[in-house]
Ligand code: KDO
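Only one chain is given next, in structure tokens, and it is the form predicted alone.
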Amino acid sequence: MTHKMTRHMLAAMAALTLALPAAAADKVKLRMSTPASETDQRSVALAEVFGPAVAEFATYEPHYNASLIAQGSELEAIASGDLEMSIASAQELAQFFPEFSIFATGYVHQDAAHQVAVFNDALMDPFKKTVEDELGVKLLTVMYLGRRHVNLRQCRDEVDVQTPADLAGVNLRMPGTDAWQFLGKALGANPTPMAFTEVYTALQTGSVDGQDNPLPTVVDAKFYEVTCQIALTSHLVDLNYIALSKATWDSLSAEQQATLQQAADDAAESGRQKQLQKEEDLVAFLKEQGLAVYEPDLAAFRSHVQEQYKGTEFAASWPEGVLDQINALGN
């Protein structure tokens, strides 16, 4: 199966799955397939919080490192009845439903709390309904993955990033897809595609002026050794959704559904708080390493970047008025 399946085919698969009778076993089996490792914060939250909370009526069975279902095929596996749970990205959902690309776009989500507000708002209802009706997948809750920031070789007396204008002429390494390159340009920089494995040396030699990544990546890849400052632009607040088979959901009693929903929310909140604390700790660590870490004018960045998207192919699938509704839920 590939992502080129039509909505009609997916709807037919979902309808067939929904029509299947409930399993005769005492407990529902919830097989989770994820490409993440066992120690990933999402995996830990689900294993430590979600699994025990539903243990009375369900068996949570995680499969890590894409060992059960190939990465990128999880939603199709749920649609066909071959899987009960996955952790889905907005980018992955956009392969089926292009309107989901709005949730993978720069400066749409403002922070972790804003993600939750957006997911729980009525504006999400049509998105959720489409996924349920056409894919047989219920999106339970949203998980916070972290924020991407701009990390530069130049020190603040050379380049002080307060607004997009301050990134003019800065060669900023960004991932190589068209969407990422567009975001880099929208930030005001000169985006440069480059393999991740080449970034450290490129920063060291000055082949690029900077790179964008979450703080854990900056630390893990030791980019702080060859850079001087981090502007906390928060230009992408990344997320995943906990996805569940709608057929499995419908097989549960109302009480079990409420328990499962609360378990998913609690797991997401646990992971969210740990990730926020990790980011805070890393800011302190990076400052200890001698880097200037500061927050620029986020309102100026948000306004400028969103303006760049208007009228482009990247925004063509966004439902009219939804971006304004999302912005209204923020600060």
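Bear in mind that the values here come from a model prediction, so they are computed numbers and not experimental data. Residue indices: 1-based, along the sequence shown. Here, rigid core means the biggest group of C-alpha atoms that superpose within 1.5 Å across both forms.
Omitted from view is the form predicted in complex with the named molecule, to which the following refers.
Ala36 belongs to the set of residues with a heavy atom inside 4.5 Å of the named molecule in the predicted complex. Taking the partner from the other structure, the named molecule in the predicted complex has a heavy atom within 4.5 Å of a heavy atom of Ser89. When the named molecule is considered in the predicted complex, Glu269 lies well away from it, no heavy atom lying within 4.5 Å. Under a 4.5 angstroms non-hydrogen atom cutoff, the named molecule in the predicted complex has Asp40 among its neighbouring residues. Note that among 103 to 111, 119 to 127, 257 to 265, 169 to 177, the stretch whose heavy atoms approach the named molecule to within 4.5 Å in the predicted complex is 169 to 177. Checking Gln71, Gln181, Gln204, Gln162 for any heavy atom within 4.5 Å of the named molecule in the predicted complex turns up a single hit: Gln71. Contact with the named molecule in the predicted complex, defined as a heavy atom within 4.5 Å, holds for exactly one of Leu145, Ala189, Val150, Ala79, namely Leu145.
Scanning 187 to 214 for heavy atoms within 4.5 Å of the named molecule in the predicted complex gives Phe196, Asp212, Asn213 in sequence order.
Thr130: CA moves less than 2 Å between this form and the one not shown after rigid-core fitting. The rigid-core alignment places the CA of Gln181 2 Å or more apart between this form and the one not shown.
The two forms, fitted on the rigid core, differ between this form and the one not shown by less than 2 Å at the CA of Ser253.
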